[in-house]
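Heads up, the chain shows up twice below as C-alpha coordinates, two forms, tagged structure 1 and structure 2.
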Structure 1
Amino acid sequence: MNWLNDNVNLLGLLGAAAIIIITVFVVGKYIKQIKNEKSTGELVGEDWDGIGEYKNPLPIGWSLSFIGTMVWVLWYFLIGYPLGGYSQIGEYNEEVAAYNTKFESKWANPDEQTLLGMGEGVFLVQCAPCHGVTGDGINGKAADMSRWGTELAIVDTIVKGSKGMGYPLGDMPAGMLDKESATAVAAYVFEKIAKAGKSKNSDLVATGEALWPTCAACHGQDGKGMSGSSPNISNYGKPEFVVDVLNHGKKGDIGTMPSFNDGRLTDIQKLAVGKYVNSLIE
(Lines of atoms letter the chains of each structure in order from A and count residues from 1; the text may use other names and numbers.)
(Lines give C-alpha, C1' and ligand atoms only; values in the text may rest on other atoms or scores of the structure.)
Protein backbone atom coordinates (compact mmCIF):
# COMPACT_ATOMS: atom_id res chain seq x y z
CA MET A 1 0.00 0.00 0.00
CA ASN A 2 1.43 3.32 -1.03
CA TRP A 3 0.69 5.80 1.69
CA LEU A 4 1.58 8.87 -0.33
CA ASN A 5 -0.85 8.11 -3.13
CA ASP A 6 -3.77 9.15 -1.00
CA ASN A 7 -4.57 12.87 -0.95
CA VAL A 8 -5.92 12.86 2.58
CA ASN A 9 -2.86 11.05 3.93
CA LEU A 10 -0.61 13.45 2.11
CA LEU A 11 -2.39 16.48 3.48
CA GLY A 12 -2.31 14.96 6.97
CA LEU A 13 1.40 14.33 6.80
CA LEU A 14 2.09 17.82 5.47
CA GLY A 15 0.00 19.27 8.30
CA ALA A 16 1.88 17.19 10.88
CA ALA A 17 5.22 18.31 9.48
CA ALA A 18 4.07 21.94 9.51
CA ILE A 19 2.98 21.65 13.15
CA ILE A 20 6.33 20.13 14.17
CA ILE A 21 8.33 22.81 12.33
CA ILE A 22 6.25 25.66 13.76
CA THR A 23 6.46 24.17 17.27
CA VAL A 24 10.26 23.81 17.08
CA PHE A 25 10.55 27.38 15.81
CA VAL A 26 8.26 28.92 18.44
CA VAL A 27 9.71 26.91 21.36
CA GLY A 28 13.23 27.77 20.20
CA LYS A 29 12.32 31.45 20.13
CA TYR A 30 11.00 31.40 23.69
CA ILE A 31 13.92 29.35 25.04
CA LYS A 32 16.29 31.86 23.50
CA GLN A 33 14.29 34.70 25.03
CA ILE A 34 14.44 33.07 28.50
CA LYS A 35 18.20 32.59 28.20
CA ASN A 36 19.21 35.97 26.88
CA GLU A 37 16.66 38.66 27.65
CA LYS A 38 16.17 40.60 30.82
CA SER A 39 12.66 41.75 31.66
CA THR A 40 12.01 45.45 31.70
CA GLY A 41 9.01 47.57 32.56
CA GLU A 42 7.44 49.76 35.19
CA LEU A 43 6.92 48.07 38.56
CA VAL A 44 3.76 48.49 40.62
CA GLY A 45 4.40 49.75 44.13
CA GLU A 46 4.17 46.56 46.18
CA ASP A 47 7.21 44.53 47.09
CA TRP A 48 6.69 41.09 48.72
CA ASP A 49 9.95 39.83 50.11
CA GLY A 50 11.85 41.06 47.09
CA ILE A 51 9.28 39.84 44.56
CA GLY A 52 7.69 42.63 42.51
CA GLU A 53 5.09 42.88 39.76
CA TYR A 54 5.17 44.77 36.48
CA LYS A 55 2.36 47.05 35.45
CA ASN A 56 0.90 44.90 32.75
CA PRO A 57 -2.35 46.26 31.28
CA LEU A 58 -4.87 43.81 29.82
CA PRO A 59 -4.86 43.52 26.04
CA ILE A 60 -7.85 45.37 24.55
CA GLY A 61 -9.09 42.35 22.60
CA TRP A 62 -9.00 40.12 25.67
CA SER A 63 -10.89 42.65 27.82
CA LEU A 64 -13.56 43.12 25.18
CA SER A 65 -14.18 39.40 24.77
CA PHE A 66 -14.25 39.00 28.58
CA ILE A 67 -16.91 41.68 28.95
CA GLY A 68 -18.71 40.29 25.92
CA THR A 69 -18.83 36.86 27.57
CA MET A 70 -20.39 38.34 30.71
CA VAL A 71 -23.04 40.11 28.68
CA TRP A 72 -23.74 36.90 26.80
CA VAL A 73 -24.04 34.94 30.07
CA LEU A 74 -26.63 37.37 31.38
CA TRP A 75 -28.57 37.12 28.14
CA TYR A 76 -28.29 33.34 28.09
CA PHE A 77 -29.34 32.97 31.70
CA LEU A 78 -32.30 35.34 31.61
CA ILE A 79 -33.57 35.24 28.03
CA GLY A 80 -31.81 32.37 26.35
CA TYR A 81 -31.85 28.78 27.48
CA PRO A 82 -32.61 27.82 31.07
CA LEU A 83 -35.06 30.29 32.56
CA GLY A 84 -36.58 31.59 29.36
CA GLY A 85 -38.52 30.20 26.47
CA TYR A 86 -37.27 26.70 25.90
CA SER A 87 -39.25 23.69 26.98
CA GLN A 88 -39.46 20.16 25.72
CA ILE A 89 -43.23 20.43 25.40
CA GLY A 90 -42.84 23.65 23.41
CA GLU A 91 -40.53 21.79 21.08
CA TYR A 92 -43.13 19.05 20.79
CA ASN A 93 -45.90 21.55 20.04
CA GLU A 94 -43.79 23.11 17.31
CA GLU A 95 -43.11 19.71 15.84
CA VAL A 96 -46.80 18.86 15.81
CA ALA A 97 -47.83 22.24 14.37
CA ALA A 98 -45.23 21.93 11.61
CA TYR A 99 -46.38 18.40 10.86
CA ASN A 100 -50.05 19.36 10.78
CA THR A 101 -49.41 22.26 8.41
CA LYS A 102 -47.46 19.97 6.13
CA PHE A 103 -50.09 17.24 6.37
CA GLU A 104 -52.92 19.62 5.52
CA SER A 105 -51.16 21.19 2.56
CA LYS A 106 -49.99 17.85 1.25
CA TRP A 107 -53.35 16.10 1.52
CA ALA A 108 -55.65 19.08 0.87
CA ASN A 109 -57.25 17.51 -2.18
CA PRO A 110 -56.45 13.81 -2.12
CA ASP A 111 -57.60 11.69 -5.04
CA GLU A 112 -59.35 8.37 -4.57
CA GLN A 113 -56.18 6.30 -4.81
CA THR A 114 -54.35 8.42 -2.23
CA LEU A 115 -57.25 8.10 0.20
CA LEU A 116 -57.34 4.35 -0.22
CA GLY A 117 -53.61 4.13 0.43
CA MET A 118 -53.87 6.36 3.49
CA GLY A 119 -56.87 4.37 4.72
CA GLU A 120 -54.99 1.11 4.35
CA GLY A 121 -52.08 2.51 6.35
CA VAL A 122 -54.31 3.67 9.18
CA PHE A 123 -56.35 0.47 9.09
CA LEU A 124 -53.26 -1.72 9.44
CA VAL A 125 -52.07 0.24 12.48
CA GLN A 126 -55.30 1.10 14.29
CA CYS A 127 -57.92 -1.40 13.13
CA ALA A 128 -56.02 -4.57 12.21
CA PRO A 129 -55.30 -5.58 15.84
CA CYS A 130 -58.99 -6.45 16.21
CA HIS A 131 -60.44 -6.69 12.70
CA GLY A 132 -57.45 -8.54 11.30
CA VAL A 133 -54.96 -7.58 8.64
CA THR A 134 -57.40 -8.56 5.91
CA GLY A 135 -60.38 -7.09 7.75
CA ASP A 136 -62.04 -10.50 8.16
CA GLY A 137 -62.64 -10.00 11.90
CA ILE A 138 -60.32 -12.90 12.82
CA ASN A 139 -62.87 -15.72 13.12
CA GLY A 140 -65.58 -13.66 14.72
CA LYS A 141 -63.36 -11.76 17.18
CA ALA A 142 -64.57 -8.49 15.61
CA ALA A 143 -66.91 -7.39 12.82
CA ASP A 144 -66.11 -8.95 9.44
CA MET A 145 -65.43 -6.02 7.16
CA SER A 146 -66.11 -7.97 3.98
CA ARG A 147 -69.66 -8.70 5.11
CA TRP A 148 -70.18 -5.37 6.80
CA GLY A 149 -71.82 -2.86 4.47
CA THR A 150 -73.76 -5.48 2.54
CA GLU A 151 -77.45 -6.38 2.70
CA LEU A 152 -76.51 -9.51 4.66
CA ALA A 153 -75.13 -7.36 7.42
CA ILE A 154 -78.36 -5.37 7.55
CA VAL A 155 -80.26 -8.61 8.00
CA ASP A 156 -77.82 -9.58 10.78
CA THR A 157 -78.38 -6.28 12.52
CA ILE A 158 -82.17 -6.50 12.36
CA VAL A 159 -82.25 -10.10 13.58
CA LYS A 160 -79.54 -9.84 16.25
CA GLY A 161 -80.06 -6.23 17.26
CA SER A 162 -77.37 -3.65 17.73
CA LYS A 163 -76.15 -2.00 20.87
CA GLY A 164 -73.57 0.22 22.38
CA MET A 165 -73.29 3.15 19.98
CA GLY A 166 -74.44 5.56 22.66
CA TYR A 167 -77.25 7.29 20.76
CA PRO A 168 -80.04 8.92 22.81
CA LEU A 169 -82.70 6.47 21.62
CA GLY A 170 -80.67 3.62 23.04
CA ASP A 171 -79.97 0.12 21.83
CA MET A 172 -81.77 -1.72 19.06
CA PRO A 173 -83.28 -4.92 20.44
CA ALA A 174 -82.81 -8.27 18.74
CA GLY A 175 -85.63 -9.85 16.75
CA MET A 176 -87.37 -6.73 15.52
CA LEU A 177 -88.38 -8.73 12.46
CA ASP A 178 -87.97 -12.35 11.39
CA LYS A 179 -85.34 -13.24 8.87
CA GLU A 180 -87.61 -13.11 5.83
CA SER A 181 -89.01 -9.67 6.56
CA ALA A 182 -85.54 -8.52 7.52
CA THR A 183 -84.24 -9.54 4.09
CA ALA A 184 -86.99 -7.46 2.49
CA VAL A 185 -86.26 -4.45 4.67
CA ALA A 186 -82.56 -4.87 3.93
CA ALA A 187 -83.29 -4.74 0.21
CA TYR A 188 -85.34 -1.58 0.70
CA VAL A 189 -82.75 0.08 2.91
CA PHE A 190 -79.95 -0.85 0.57
CA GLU A 191 -81.64 0.38 -2.58
CA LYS A 192 -83.86 3.26 -1.49
CA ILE A 193 -82.62 4.62 1.83
CA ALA A 194 -78.88 4.23 1.43
CA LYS A 195 -79.06 4.35 -2.38
CA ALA A 196 -76.08 2.01 -2.36
CA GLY A 197 -76.90 0.47 -5.71
CA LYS A 198 -79.16 -2.24 -7.01
CA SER A 199 -80.33 -4.70 -4.38
CA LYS A 200 -79.76 -8.43 -4.88
CA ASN A 201 -83.39 -8.97 -3.94
CA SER A 202 -84.90 -6.15 -5.96
CA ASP A 203 -88.26 -7.92 -6.04
CA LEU A 204 -88.50 -7.56 -2.25
CA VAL A 205 -88.02 -3.79 -2.19
CA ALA A 206 -91.77 -3.11 -2.18
CA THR A 207 -92.33 -5.57 0.69
CA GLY A 208 -89.47 -3.92 2.57
CA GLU A 209 -90.98 -0.50 2.10
CA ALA A 210 -94.22 -1.69 3.66
CA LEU A 211 -92.27 -2.88 6.73
CA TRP A 212 -90.12 0.24 6.89
CA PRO A 213 -92.29 2.08 9.49
CA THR A 214 -90.94 -0.35 12.15
CA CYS A 215 -87.49 1.06 11.49
CA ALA A 216 -88.62 4.60 10.77
CA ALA A 217 -89.89 4.87 14.34
CA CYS A 218 -86.32 5.41 15.43
CA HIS A 219 -84.29 6.01 12.29
CA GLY A 220 -86.79 8.47 10.81
CA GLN A 221 -88.78 8.25 7.59
CA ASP A 222 -85.72 9.19 5.57
CA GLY A 223 -83.39 6.97 7.63
CA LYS A 224 -81.33 9.95 8.72
CA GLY A 225 -81.71 9.18 12.40
CA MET A 226 -83.98 12.09 13.39
CA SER A 227 -81.17 14.63 13.84
CA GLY A 228 -78.82 12.57 15.92
CA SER A 229 -81.29 10.60 18.06
CA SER A 230 -80.27 7.35 16.40
CA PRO A 231 -77.74 6.27 13.79
CA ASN A 232 -78.07 7.82 10.34
CA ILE A 233 -78.47 4.80 8.08
CA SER A 234 -79.03 6.78 4.91
CA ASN A 235 -75.27 6.68 4.38
CA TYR A 236 -75.03 2.95 5.04
CA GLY A 237 -72.26 1.35 3.05
CA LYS A 238 -70.56 4.70 2.52
CA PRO A 239 -67.35 6.00 4.09
CA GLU A 240 -69.33 8.46 6.25
CA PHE A 241 -71.00 5.54 8.00
CA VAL A 242 -67.59 4.18 9.00
CA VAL A 243 -66.62 7.64 10.23
CA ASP A 244 -69.76 7.61 12.42
CA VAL A 245 -68.70 4.31 14.02
CA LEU A 246 -65.14 5.60 14.48
CA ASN A 247 -66.50 8.65 16.29
CA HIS A 248 -68.90 6.74 18.53
CA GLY A 249 -67.16 3.48 19.19
CA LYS A 250 -69.41 0.51 19.86
CA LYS A 251 -70.03 -1.89 22.69
CA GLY A 252 -71.60 -4.73 20.84
CA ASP A 253 -72.18 -8.42 21.41
CA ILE A 254 -68.85 -9.53 19.95
CA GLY A 255 -66.82 -7.06 21.93
CA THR A 256 -66.09 -3.42 22.53
CA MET A 257 -64.69 -1.05 19.97
CA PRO A 258 -63.14 2.09 21.42
CA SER A 259 -64.03 5.41 19.84
CA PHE A 260 -61.36 7.13 17.81
CA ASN A 261 -62.31 10.75 18.40
CA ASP A 262 -59.52 11.55 20.86
CA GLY A 263 -57.45 13.35 18.25
CA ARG A 264 -55.51 10.29 17.15
CA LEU A 265 -57.09 10.44 13.69
CA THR A 266 -57.75 13.58 11.68
CA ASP A 267 -61.00 13.96 9.77
CA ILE A 268 -59.31 13.17 6.49
CA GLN A 269 -57.75 10.03 7.98
CA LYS A 270 -61.16 8.88 9.25
CA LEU A 271 -62.63 9.39 5.79
CA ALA A 272 -59.70 7.49 4.31
CA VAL A 273 -60.36 4.58 6.67
CA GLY A 274 -64.01 4.71 5.55
CA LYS A 275 -62.98 4.49 1.91
CA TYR A 276 -60.62 1.63 2.62
CA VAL A 277 -63.18 -0.30 4.68
CA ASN A 278 -65.69 0.15 1.88
CA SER A 279 -63.19 -1.28 -0.57
CA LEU A 280 -63.07 -4.45 1.57
CA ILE A 281 -66.81 -5.15 1.08
CA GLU A 282 -67.29 -8.19 -1.07
Structure 2
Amino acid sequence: MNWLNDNVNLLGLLGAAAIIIITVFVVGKYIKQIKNEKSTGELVGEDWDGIGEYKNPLPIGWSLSFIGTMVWVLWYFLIGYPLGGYSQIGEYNEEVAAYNTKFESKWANPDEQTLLGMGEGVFLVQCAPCHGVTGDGINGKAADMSRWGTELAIVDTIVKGSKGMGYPLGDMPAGMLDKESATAVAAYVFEKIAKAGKSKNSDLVATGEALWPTCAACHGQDGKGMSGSSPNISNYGKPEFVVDVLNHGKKGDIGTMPSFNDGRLTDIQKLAVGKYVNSLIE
Protein backbone atom coordinates (compact mmCIF):
# COMPACT_ATOMS: atom_id res chain seq x y z
CA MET A 1 0.00 0.00 0.00
CA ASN A 2 1.29 3.46 -0.87
CA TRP A 3 1.45 5.23 2.49
CA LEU A 4 0.97 8.57 0.75
CA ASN A 5 -2.59 7.50 -0.04
CA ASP A 6 -3.39 7.61 3.66
CA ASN A 7 -5.10 10.93 4.50
CA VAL A 8 -3.75 10.85 8.04
CA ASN A 9 -0.16 10.53 6.79
CA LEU A 10 -0.67 13.35 4.31
CA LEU A 11 -2.14 15.53 7.04
CA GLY A 12 0.87 14.80 9.24
CA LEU A 13 3.30 15.65 6.44
CA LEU A 14 1.51 18.91 5.65
CA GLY A 15 1.52 19.85 9.33
CA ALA A 16 5.23 19.05 9.67
CA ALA A 17 6.06 21.07 6.56
CA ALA A 18 4.01 24.03 7.79
CA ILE A 19 5.76 23.93 11.18
CA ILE A 20 9.21 23.87 9.54
CA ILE A 21 8.40 26.80 7.21
CA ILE A 22 6.87 28.91 9.98
CA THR A 23 9.76 28.09 12.34
CA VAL A 24 12.37 29.13 9.79
CA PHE A 25 10.50 32.38 9.06
CA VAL A 26 9.98 33.29 12.73
CA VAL A 27 13.53 32.40 13.80
CA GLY A 28 14.97 34.38 10.90
CA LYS A 29 12.80 37.38 11.78
CA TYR A 30 13.88 37.44 15.42
CA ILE A 31 17.55 36.87 14.61
CA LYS A 32 17.37 39.88 12.31
CA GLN A 33 15.71 41.96 15.04
CA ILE A 34 18.38 40.94 17.56
CA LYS A 35 21.10 42.11 15.19
CA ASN A 36 19.54 45.36 14.01
CA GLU A 37 17.09 46.63 16.62
CA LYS A 38 17.30 47.83 20.19
CA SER A 39 14.57 47.24 22.74
CA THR A 40 12.44 50.26 23.57
CA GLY A 41 9.24 50.90 25.48
CA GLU A 42 7.86 51.38 28.97
CA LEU A 43 9.25 49.22 31.75
CA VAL A 44 7.21 47.72 34.56
CA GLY A 45 7.91 48.99 38.05
CA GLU A 46 9.83 45.96 39.33
CA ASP A 47 13.27 44.77 38.35
CA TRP A 48 15.21 41.63 39.24
CA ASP A 49 18.89 42.21 39.93
CA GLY A 50 18.88 45.10 37.51
CA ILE A 51 16.93 43.26 34.86
CA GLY A 52 13.68 44.97 33.86
CA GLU A 53 10.64 43.87 31.90
CA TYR A 54 8.93 45.82 29.11
CA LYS A 55 5.18 46.31 28.96
CA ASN A 56 5.04 44.91 25.45
CA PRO A 57 1.73 43.77 23.97
CA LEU A 58 1.34 40.12 23.08
CA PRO A 59 2.88 39.53 19.62
CA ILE A 60 0.23 39.14 16.94
CA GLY A 61 1.96 36.03 15.61
CA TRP A 62 1.76 34.32 18.99
CA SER A 63 -1.90 35.24 19.39
CA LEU A 64 -2.77 33.91 15.93
CA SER A 65 -0.75 30.75 16.54
CA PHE A 66 -2.55 30.10 19.82
CA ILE A 67 -6.02 30.66 18.32
CA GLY A 68 -5.09 28.57 15.27
CA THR A 69 -3.89 25.74 17.48
CA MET A 70 -7.15 25.73 19.47
CA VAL A 71 -9.21 25.72 16.26
CA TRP A 72 -7.11 22.86 14.86
CA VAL A 73 -7.48 20.84 18.07
CA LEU A 74 -11.27 21.19 18.00
CA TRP A 75 -11.37 20.24 14.31
CA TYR A 76 -9.03 17.29 14.86
CA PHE A 77 -11.04 15.71 17.66
CA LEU A 78 -14.54 16.55 16.45
CA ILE A 79 -14.27 16.25 12.67
CA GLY A 80 -10.88 14.93 11.65
CA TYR A 81 -8.87 11.96 12.81
CA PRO A 82 -9.28 9.93 14.99
CA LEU A 83 -13.03 10.35 15.63
CA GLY A 84 -13.79 10.83 11.96
CA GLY A 85 -11.21 8.42 10.56
CA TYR A 86 -9.81 4.93 10.80
CA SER A 87 -8.15 3.73 13.98
CA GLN A 88 -7.06 0.28 15.15
CA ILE A 89 -8.84 0.83 18.47
CA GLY A 90 -12.07 1.67 16.66
CA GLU A 91 -11.72 -1.39 14.44
CA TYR A 92 -11.05 -3.57 17.49
CA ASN A 93 -14.10 -2.19 19.31
CA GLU A 94 -16.29 -2.82 16.26
CA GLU A 95 -15.02 -6.40 15.99
CA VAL A 96 -15.63 -7.04 19.69
CA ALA A 97 -19.16 -5.60 19.48
CA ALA A 98 -19.92 -7.72 16.42
CA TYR A 99 -18.54 -10.85 18.10
CA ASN A 100 -20.51 -10.22 21.30
CA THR A 101 -23.71 -9.75 19.29
CA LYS A 102 -23.06 -12.99 17.43
CA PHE A 103 -22.17 -14.77 20.69
CA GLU A 104 -25.32 -13.61 22.49
CA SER A 105 -27.45 -14.58 19.51
CA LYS A 106 -25.92 -18.04 19.30
CA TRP A 107 -26.27 -18.75 23.01
CA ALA A 108 -29.53 -16.90 23.65
CA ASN A 109 -31.27 -20.01 25.03
CA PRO A 110 -28.59 -22.48 26.17
CA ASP A 111 -29.57 -25.63 28.05
CA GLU A 112 -28.41 -26.34 31.61
CA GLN A 113 -25.43 -28.44 30.58
CA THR A 114 -24.20 -25.81 28.13
CA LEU A 115 -24.46 -23.09 30.78
CA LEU A 116 -22.47 -25.18 33.26
CA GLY A 117 -19.75 -25.86 30.69
CA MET A 118 -19.56 -22.19 29.72
CA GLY A 119 -19.52 -21.15 33.37
CA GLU A 120 -16.73 -23.59 34.20
CA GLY A 121 -14.59 -22.22 31.35
CA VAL A 122 -15.05 -18.61 32.46
CA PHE A 123 -14.54 -19.52 36.12
CA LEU A 124 -11.22 -21.29 35.46
CA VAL A 125 -9.88 -18.27 33.56
CA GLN A 126 -11.33 -15.33 35.52
CA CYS A 127 -12.06 -16.65 39.02
CA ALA A 128 -9.80 -19.64 39.78
CA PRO A 129 -6.57 -17.59 40.18
CA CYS A 130 -8.00 -16.24 43.48
CA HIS A 131 -10.75 -18.69 44.44
CA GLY A 132 -8.90 -21.84 43.41
CA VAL A 133 -9.63 -24.37 40.69
CA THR A 134 -12.13 -26.12 42.94
CA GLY A 135 -13.50 -22.82 44.29
CA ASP A 136 -12.38 -23.56 47.85
CA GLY A 137 -10.88 -20.09 48.33
CA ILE A 138 -7.28 -21.34 48.59
CA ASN A 139 -7.16 -21.83 52.36
CA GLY A 140 -9.17 -18.75 53.23
CA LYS A 141 -7.41 -16.31 50.90
CA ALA A 142 -10.70 -15.68 49.05
CA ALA A 143 -14.36 -16.62 49.43
CA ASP A 144 -15.04 -20.36 49.53
CA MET A 145 -17.45 -20.96 46.65
CA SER A 146 -18.38 -24.40 48.01
CA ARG A 147 -20.12 -22.65 50.91
CA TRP A 148 -21.56 -19.74 48.95
CA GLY A 149 -25.31 -20.06 48.85
CA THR A 150 -25.53 -22.04 52.09
CA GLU A 151 -26.88 -21.04 55.50
CA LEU A 152 -23.38 -21.34 56.99
CA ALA A 153 -22.16 -18.59 54.67
CA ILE A 154 -24.99 -16.32 55.83
CA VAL A 155 -24.01 -16.95 59.45
CA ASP A 156 -20.36 -16.13 58.68
CA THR A 157 -21.36 -12.90 56.92
CA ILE A 158 -23.55 -11.73 59.81
CA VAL A 159 -20.92 -12.54 62.42
CA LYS A 160 -17.83 -11.38 60.50
CA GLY A 161 -19.43 -8.61 58.41
CA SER A 162 -19.12 -7.87 54.72
CA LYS A 163 -17.19 -5.11 53.01
CA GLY A 164 -15.96 -3.81 49.71
CA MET A 165 -18.98 -4.04 47.41
CA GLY A 166 -19.54 -0.30 47.13
CA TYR A 167 -23.25 -0.11 47.93
CA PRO A 168 -24.62 3.32 48.94
CA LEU A 169 -25.41 2.16 52.51
CA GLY A 170 -21.79 1.11 52.97
CA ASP A 171 -20.17 -1.98 54.45
CA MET A 172 -21.93 -4.35 56.81
CA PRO A 173 -20.10 -4.28 60.17
CA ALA A 174 -19.14 -7.41 62.06
CA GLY A 175 -20.88 -8.54 65.23
CA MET A 176 -24.38 -7.25 64.52
CA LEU A 177 -25.71 -10.51 66.00
CA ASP A 178 -24.17 -13.33 67.97
CA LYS A 179 -23.71 -16.72 66.29
CA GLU A 180 -26.89 -18.21 67.75
CA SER A 181 -29.04 -15.30 66.57
CA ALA A 182 -27.23 -15.26 63.23
CA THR A 183 -28.08 -18.94 62.75
CA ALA A 184 -31.77 -18.16 63.28
CA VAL A 185 -31.68 -15.24 60.83
CA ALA A 186 -29.87 -17.43 58.29
CA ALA A 187 -32.65 -19.99 58.54
CA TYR A 188 -35.28 -17.29 57.95
CA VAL A 189 -33.38 -15.74 55.03
CA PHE A 190 -32.72 -19.10 53.38
CA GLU A 191 -36.26 -20.42 53.69
CA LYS A 192 -38.49 -17.32 53.58
CA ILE A 193 -36.58 -14.39 52.03
CA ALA A 194 -34.49 -16.15 49.36
CA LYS A 195 -36.74 -19.22 49.19
CA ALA A 196 -33.64 -21.21 48.31
CA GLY A 197 -35.00 -24.38 49.87
CA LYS A 198 -35.88 -25.96 53.18
CA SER A 199 -33.71 -24.69 56.03
CA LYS A 200 -31.64 -27.16 58.03
CA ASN A 201 -32.84 -25.26 61.08
CA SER A 202 -36.53 -24.88 60.32
CA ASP A 203 -37.30 -24.71 64.03
CA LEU A 204 -35.38 -21.39 64.16
CA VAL A 205 -37.22 -19.68 61.28
CA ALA A 206 -39.73 -17.95 63.58
CA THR A 207 -36.92 -16.69 65.81
CA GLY A 208 -35.05 -15.43 62.75
CA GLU A 209 -38.14 -13.61 61.54
CA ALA A 210 -38.38 -11.80 64.90
CA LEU A 211 -34.71 -10.73 64.54
CA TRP A 212 -35.05 -9.79 60.88
CA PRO A 213 -35.76 -6.04 61.48
CA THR A 214 -32.07 -5.64 62.41
CA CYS A 215 -31.20 -6.66 58.84
CA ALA A 216 -34.25 -5.13 57.16
CA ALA A 217 -33.00 -1.65 58.11
CA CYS A 218 -30.58 -1.96 55.16
CA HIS A 219 -31.84 -4.86 53.07
CA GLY A 220 -35.52 -3.94 53.24
CA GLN A 221 -38.37 -5.99 54.64
CA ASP A 222 -38.41 -8.10 51.45
CA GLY A 223 -34.60 -8.45 51.37
CA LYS A 224 -34.33 -6.86 47.92
CA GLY A 225 -31.87 -4.17 49.01
CA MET A 226 -34.11 -1.11 48.81
CA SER A 227 -33.58 -0.26 45.14
CA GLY A 228 -29.86 -0.98 45.05
CA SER A 229 -28.94 0.64 48.38
CA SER A 230 -27.60 -2.70 49.64
CA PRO A 231 -27.27 -6.27 48.31
CA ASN A 232 -30.42 -8.01 47.11
CA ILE A 233 -30.42 -11.15 49.24
CA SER A 234 -33.78 -12.34 47.95
CA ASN A 235 -31.60 -13.86 45.17
CA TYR A 236 -29.33 -15.63 47.65
CA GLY A 237 -28.46 -19.16 46.60
CA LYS A 238 -29.41 -18.43 42.98
CA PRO A 239 -27.22 -17.62 39.96
CA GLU A 240 -28.59 -14.05 39.97
CA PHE A 241 -26.91 -13.41 43.33
CA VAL A 242 -23.54 -14.33 41.82
CA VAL A 243 -24.30 -12.04 38.86
CA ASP A 244 -24.91 -9.14 41.29
CA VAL A 245 -21.50 -9.69 42.87
CA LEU A 246 -19.81 -9.91 39.47
CA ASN A 247 -21.44 -6.62 38.46
CA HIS A 248 -20.40 -4.80 41.65
CA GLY A 249 -16.96 -6.29 42.27
CA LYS A 250 -15.63 -6.75 45.78
CA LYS A 251 -12.65 -5.66 47.85
CA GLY A 252 -11.23 -8.78 49.52
CA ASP A 253 -8.32 -9.74 51.73
CA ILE A 254 -5.90 -10.43 48.87
CA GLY A 255 -6.96 -7.58 46.62
CA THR A 256 -9.92 -6.20 44.73
CA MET A 257 -12.12 -8.29 42.48
CA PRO A 258 -12.99 -5.91 39.64
CA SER A 259 -16.50 -5.30 38.43
CA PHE A 260 -17.27 -7.45 35.41
CA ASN A 261 -19.89 -4.95 34.31
CA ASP A 262 -17.34 -3.43 31.92
CA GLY A 263 -18.02 -5.59 28.87
CA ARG A 264 -15.51 -8.35 29.61
CA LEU A 265 -18.34 -10.81 30.15
CA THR A 266 -21.70 -10.92 28.43
CA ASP A 267 -24.89 -11.31 30.45
CA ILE A 268 -25.16 -14.96 29.46
CA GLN A 269 -21.56 -15.60 30.57
CA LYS A 270 -22.26 -14.03 33.98
CA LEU A 271 -25.34 -16.19 34.38
CA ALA A 272 -23.27 -19.22 33.37
CA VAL A 273 -20.70 -18.41 36.08
CA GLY A 274 -23.55 -18.13 38.58
CA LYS A 275 -24.85 -21.55 37.55
CA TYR A 276 -21.39 -23.06 37.84
CA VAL A 277 -20.70 -21.48 41.24
CA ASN A 278 -24.00 -22.88 42.51
CA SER A 279 -22.94 -26.31 41.29
CA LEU A 280 -19.89 -26.11 43.61
CA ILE A 281 -22.03 -25.87 46.76
CA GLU A 282 -21.43 -28.87 48.97
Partner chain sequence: MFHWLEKNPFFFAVAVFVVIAYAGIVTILPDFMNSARPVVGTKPYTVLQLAGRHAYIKDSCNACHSQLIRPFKSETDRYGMYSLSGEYAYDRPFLWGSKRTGPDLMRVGNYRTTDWHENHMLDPISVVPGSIMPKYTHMFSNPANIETAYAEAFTIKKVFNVPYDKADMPKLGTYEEATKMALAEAKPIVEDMKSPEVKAAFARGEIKEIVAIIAYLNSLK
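Throughout, rigid core stands for the largest set of C-alpha atoms superposing within 1.5 Å between the two forms. A quick note: this is a predicted structure, and the numbers were derived from the prediction, not measured. Start at 1 and count along the sequence of structure 1; that gives the residue numbers used here.
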- Of structures 1 and 2, the form predicted alone: 2
- Message: Quick check on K198: with the core superposed, does its CA move 2 angstroms or more between structure 1 and structure 2?
- Response: no
- Query: Comparing between structure 1 and structure 2 on the rigid core: C-alpha of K102 shifted by 2 Å or more?
  - Reply: yes
- Cα displacement of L13 between structure 1 and structure 2 reaching 2 Å, rigid core superposed: yes
- Core superposition result - C-alpha of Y30, shift between structure 1 and structure 2, Å: 70.8
